[in-house]
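Have a look below at one chain only, the form predicted on its own, in structure tokens format.
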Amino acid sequence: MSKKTTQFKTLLNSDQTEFLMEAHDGISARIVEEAGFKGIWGSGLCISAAMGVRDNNEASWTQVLDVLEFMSDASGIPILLDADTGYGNFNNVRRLVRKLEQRGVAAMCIEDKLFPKTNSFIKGEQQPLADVDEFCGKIKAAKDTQHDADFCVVARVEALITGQGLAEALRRATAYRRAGADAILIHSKKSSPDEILAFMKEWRGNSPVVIVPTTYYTTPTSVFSEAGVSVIIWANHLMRASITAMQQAATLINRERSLEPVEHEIATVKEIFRLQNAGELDEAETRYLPGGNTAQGS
């Protein structure tokens, strides 16, 4: 068992509601950790967006793994990967689990849609769902493959997104729990939490529940805590914040033909060096280079 997988399993089964923040590269992962979050959501949407491609499995799963390796190296807290549909069938899922464990990723979330997936907020009601038995096979394959007993598989239920209702969501969630899922992520695109709260009332703590309140963000998190939600994910907010900041800075610099208007509104170059842990390299050069000669490392 690795430290990160144990941390995530503890977080998932905590007596209080825990929170994950989205990250999409090494530096955002470090920022999430420094902000005090106990875990990271490796957002498929945001990792794709950082590459400039759509959230339709246009980024290959090996490209996503490359990003995750940098994120894992840059942070000391567990990562829950948004692994879409598992990038294929049960066999792809088995290989994915092995590669995630090798990179120190603590958990993955797979959703019951078809590969290649489309983001849930793009015509979600028109998206077909996976066959329940086939998806259960993916969950079983993942659990049978893992070497680390604490590695977690979160099963994401899309029945509410597609408009199939509470009964279908509960049917699928129950099947996925019985197949071995460590938690259920129940997803909704409504602006109110009514669907989520109705699910929680019927679910009655059968296993941990994860939610993503992107569209019903005005609801106080205490409401979800009282309903028994285990983990709340802020799923895309660092990417969205960075897009706004970059658009504003780029527009202003282009308009003014000067850096002066933005220089005191953005991070310093020294802050970039700090987040890159440049100080550790200085110390290492002093320790390992003859006479502490940094020129050899330049």
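Note that the structure is predicted; figures quoted are calculated from it, not measured. Position 1 is the first residue in the sequence shown; the rest follow in order.
One more form of this protein exists, namely the form predicted together with a small molecule; it is left out here, but the text below deals with it.
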- Proximity to the small molecule in the predicted complex (heavy atom, within 4.5 Å), stretch among 43-51, 251-259, 29-37, 66-74: 43-51
- Task: Would you kindly say which of Thr219, Asn119, Gln102, Ser225 lies with a heavy atom within 4.5 Å of the small molecule in the predicted complex?
- Result: Asn119
- Message: Since only the chain is shown here, I'm wondering whether Val229 would be in contact with the small molecule in the predicted complex (any heavy atom pair within 4.5 Å).
- Response: no
- May I ask you to state whether Asp82 is within 4.5 Å of the small molecule in the predicted complex, using heavy atom distances? yes
- Message: I'd like to check something about Lys138: if you look in the predicted complex, is any of its heavy atoms closer than or equal to 4.5 Å to a heavy atom of the small molecule?
- Response: no
- Message: With the partner left out here, check for me: in the predicted complex, does some heavy atom of His187 sit within 4.5 Å of the small molecule?
- Response: yes
